[in-house]
Each structure stands twice: as structure tokens, then as C-alpha cells.
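Next up is one chain by itself, shown in C-alpha cells, the form predicted on its own.
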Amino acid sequence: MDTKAKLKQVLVEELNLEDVTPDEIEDDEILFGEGLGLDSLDAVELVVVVQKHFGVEIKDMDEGRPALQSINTLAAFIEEKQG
């Protein structure tokens, strides 16, 4: 399973997203607000989930804000850090 597919699976399971399946999440869909609808509490959970499942730490908002835009940006961040 590639990083994007695993991210989508983990998002749905760990954040208890209802009425959405991993296949319905677009790679470039915005994660917060109008997009997938995540909020600031989800952002905190997402940071924990990324560390738990991918072994990558998001240290602060300067690093996290650009990484947490979409599946594409988050997957690229994870792959760069795992590099």
C-alpha cells in the first residue's frame, strides 16, 4: 500500500470519519474547512496519527501547516522525512 492510500485509510479509521471511505478522498482535496471538513482538534489527532503510523514527527505549525493541506502534501512530507 502506498503512502497516500495508507494515509486515507488511517484518516478514516483513526479520525472516525463517517460517511466517507478512503476511496472517496481525493489526493488533492483540502483536508480542513470546506474540503474534508477537519477542524483544529482533528489537526492535533492527525499529528499523533502521522507519528504513530509513519514514524514522522510534525514539530510545529510552521512545519505542519504546509504539510497538512491535502493528502498529496502530507504524503510528500512523510516520504521526505522517511527518506
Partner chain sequence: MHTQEQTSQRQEGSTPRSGANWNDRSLGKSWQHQFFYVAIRLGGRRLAYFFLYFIALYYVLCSRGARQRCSPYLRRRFPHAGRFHRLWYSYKLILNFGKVLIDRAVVGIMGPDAFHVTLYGREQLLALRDEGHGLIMMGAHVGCWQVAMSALDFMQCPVNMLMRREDGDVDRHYYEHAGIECPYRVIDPTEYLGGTLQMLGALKQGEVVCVMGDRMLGSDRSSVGVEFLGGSVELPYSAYKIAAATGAPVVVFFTRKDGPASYSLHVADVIRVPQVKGREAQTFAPYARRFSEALEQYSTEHPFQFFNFFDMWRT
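Residue numbers count along the first chain shown, from 1. From a predicted model like this one, the values you see are computed outputs, not experimental measurements.
Beyond the structure shown, there is the form predicted together with the partner chain, which is absent from this document and is the topic of what follows.
The partner chain is not drawn, but in the predicted complex it has no heavy atom within 4.5 Å of E34. Remark: D28 does not count among the residues lining the partner chain in the predicted complex, judged by a heavy atom distance of 4.5 Å or less. The partner chain in the predicted complex comes within 4.5 Å of no heavy atom belonging to T21. Put simply, I71 is far from the partner chain in the predicted complex: not one heavy atom of it is within 4.5 Å. In the predicted complex, V48, Q51, E57, I58, K59, D60, M61 are the residues of 48 to 62 with at least one heavy atom within 4.5 Å of the partner chain, listed from first to last.
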